[in-house]
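Consider the single chain below, provided in structure tokens and representing the form predicted on its own.
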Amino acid sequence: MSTDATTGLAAERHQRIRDLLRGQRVARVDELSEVLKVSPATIRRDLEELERHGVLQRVHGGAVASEGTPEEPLFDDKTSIAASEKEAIAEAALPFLGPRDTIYLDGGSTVLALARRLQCFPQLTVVTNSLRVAHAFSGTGPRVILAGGELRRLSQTFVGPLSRHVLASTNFAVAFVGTVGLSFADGLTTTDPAEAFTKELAIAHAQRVVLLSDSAKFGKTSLARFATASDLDVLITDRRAPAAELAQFRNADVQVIAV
């Protein structure tokens, strides 16, 4: 089995463990092993990984949910969920940037897929709050400016008021952003107010805003809203996105691309 497939299976297990703990708050290793059809040793490794990220606390024979367990998946898990859709969305985003532009890339996993396509744009300037995006250009590629702020480990981003020092003094041709939740009625939402603050600030300083979102985000509403349909110029998603929702965005003069 390939490394990508193995990673994807781990991401699916992590999400199912999170779902179980959200419902019943406690789970035993033998129970999880039976439900997920993997060995107890594999479950113990999964629990160890999830504990490192604050999702749960291991106890003898199992785990209990941490207080305030986040709805947002771990970043490494997010990159494995709907991976092919995210790659197609990232490819469709390329025509919206020029080779000499100054652009903003936020910390979304689909935005990271776009970043990996930009290493052949040395005259591009990328401003980002994402550790993963910055690392993608650590060897070659565009000029990189990293926005400051408090490190949010779950999303691997710098967020909060300190990011204002860079973002408020920079103008972007395009801001490429991701989201945790998306609906026409409730707008674009994320789990963390500090993350929402930084996203909103970047959007406010962009001539054009392009949202990269796979269809699984539709119909979800998270804690903090950072944008509405009126803030968007382009929405790029996949063909599984609900047609009624896409129609509402189109009626609000958002260019919608479903790949």
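Note that the rigid core is defined as the largest set of C-alphas that superpose within 1.5 Å between two forms. Numbers follow the displayed sequence, beginning with 1. Values in this document were obtained by computation on a predicted structure and should not be read as measured data.
Omitted here: the form predicted in complex with a further copy of the same chain. The next part is about that form.
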Would you point out which of 161-169, 87-95, 101-109, 185-193 contains residues with a non-hydrogen atom within 4.5 Å of a further copy of the same chain in the model of the complex?
-> 161-169
Decide whether Arg143 counts as a contact residue for a further copy of the same chain in the model of the complex under a heavy atom distance cut-off of 4.5 Å.
-> yes
Can Ala113 be called a contact residue for a further copy of the same chain in the model of the complex at 4.5 Å between heavy atoms?
-> no
Leu246, heavy atom within 4.5 angstroms of a further copy of the same chain in the model of the complex = no
Does Val177 reach a further copy of the same chain in the model of the complex if we count a contact as any heavy atom within 4.5 Å?
-> no
Tell me whether Lys37, Ser39 and Ala216, taken together, all sit within 4.5 Å of a further copy of the same chain in the model of the complex, counting heavy atoms only.
-> no
Near a further copy of the same chain in the model of the complex, with a heavy atom at 4.5 Å or closer, the residues from 129-157 are Leu131, Arg132, Ala134, His135, Phe137, Ser138, Gly139, Thr140, Gly141, Pro142, Arg143, Val144, Ile145, Leu146, Ala147, Gly148, Gly149, Glu150, Leu151, Arg153, Gln156
Is_shifted Arg239 between the shown form and the other one (CA, 2 Å cut-off, rigid core) | no
Taking the rigid core as the superposition reference, indicate whether the CA of Arg16 shifts 2 angstroms or more between the shown form and the other one.
-> yes
Any idea whether Leu235 and Gln15 get closer or farther by CA distance in the model of the complex, knowing it moves 3 angstroms or more?
-> farther
